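In the form predicted on its own, a lone chain appears below as structure tokens.
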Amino acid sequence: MITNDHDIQIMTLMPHAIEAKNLSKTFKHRVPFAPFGSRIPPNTTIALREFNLTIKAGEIFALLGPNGAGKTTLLKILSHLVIPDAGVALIYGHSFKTHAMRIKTLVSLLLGEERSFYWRLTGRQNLEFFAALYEIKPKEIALKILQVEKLFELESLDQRYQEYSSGMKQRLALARCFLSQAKLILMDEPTRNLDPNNAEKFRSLIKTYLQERPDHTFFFTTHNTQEAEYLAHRIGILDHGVLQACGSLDELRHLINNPNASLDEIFHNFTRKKS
């Protein structure tokens, strides 16, 4: 876990990258085979309940939680793909209501159910397309793609996307995130489909990347407690839409009065009661 004084000093001077205030979101699902004209209320799923979180620029933040805890919904709200029922989210001090276009340039998002790539295009053609969407100057696109190609060791960029392995597709999605100039990078289980070697390379890349860009922020969800402990300045534990705990590993240990607890033990302590 990163805890050196230089990192802490940088984050203290930076503005907040994320300010989430009382975010709530409920999804309604139609009841299957309900009689026509019936008054059967729809099933509801509460994804977030009065969620509050502040993350400083330059911070690496990991969010842990069981399946269905609300992690992906939160990422979608922070990237303006989902509108909350209540509450507000500020990105580098900007509100979606007044600065939606500005926020789109500040945020880069990687979701687990990645479906935005064009299957019949090559990897390179896909990256060229997204580079144009990010408004990268045409004369700079080739250089940008070369940079992420080396960064993520992308193989066969001139092969069709539909022919790639799941690991290659994941690396291409990661490359697309870093292709933009976004200051806030949101990722849903970024190492899910990576083999151990590529996962380790990715974690090292994140540390190096943010050391060179102290005003950038990395927010990721994961089920890998070792990954969260290795990368993150702070860790949040989300369960049933509620932020059960948040802090550094030492602060989380203090919350359960166990100075030697592993992150696995802390996670189970805050989630097993409601499972």
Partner chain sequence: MNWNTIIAFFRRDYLERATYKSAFFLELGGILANLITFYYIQKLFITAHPAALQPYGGDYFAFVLIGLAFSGYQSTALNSFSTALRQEQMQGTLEAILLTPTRIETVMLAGSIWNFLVTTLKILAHLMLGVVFFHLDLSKMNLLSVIVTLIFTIISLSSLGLFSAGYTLVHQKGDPVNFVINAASRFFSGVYFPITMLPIGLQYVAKIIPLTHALNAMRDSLLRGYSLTQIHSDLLWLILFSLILFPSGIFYFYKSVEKAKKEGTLIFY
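Positions refer to the first chain, counted from 1. Just so it is clear, the structure is predicted and the values come from calculations on it, not from any experiment.
Unshown form predicted in complex with the partner chain; subsequent notes refer to it.
The partner chain in the predicted bound form is not approached by H94, whose heavy atoms all lie more than 4.5 angstroms from it. Using a 4.5 Å cutoff between non-hydrogen atoms, K104 counts as a contact of the partner chain in the predicted bound form. The shortest heavy atom separation between E128 and the partner chain in the predicted bound form is within 4.5 Å.
Contact annotation for S116: at least one heavy atom lies within 4.5 Å of the partner chain in the predicted bound form.
With the partner chain left out of view, the stretch that reaches within 4.5 Å of it through heavy atoms in the predicted bound form is, among 164-172, 150-158, 77-85, 195-203, 77-85. Taken together, the three residues H223, H233 and P259 lack any non-hydrogen atom within 4.5 angstroms of the partner chain in the predicted bound form.
Although the partner chain is not shown here, in the predicted bound form the stretch 122-144 places heavy atoms of Q125, E128, F129, F130, A132, L133, Y134, E135, P138 within 4.5 Å of it, in sequence order.
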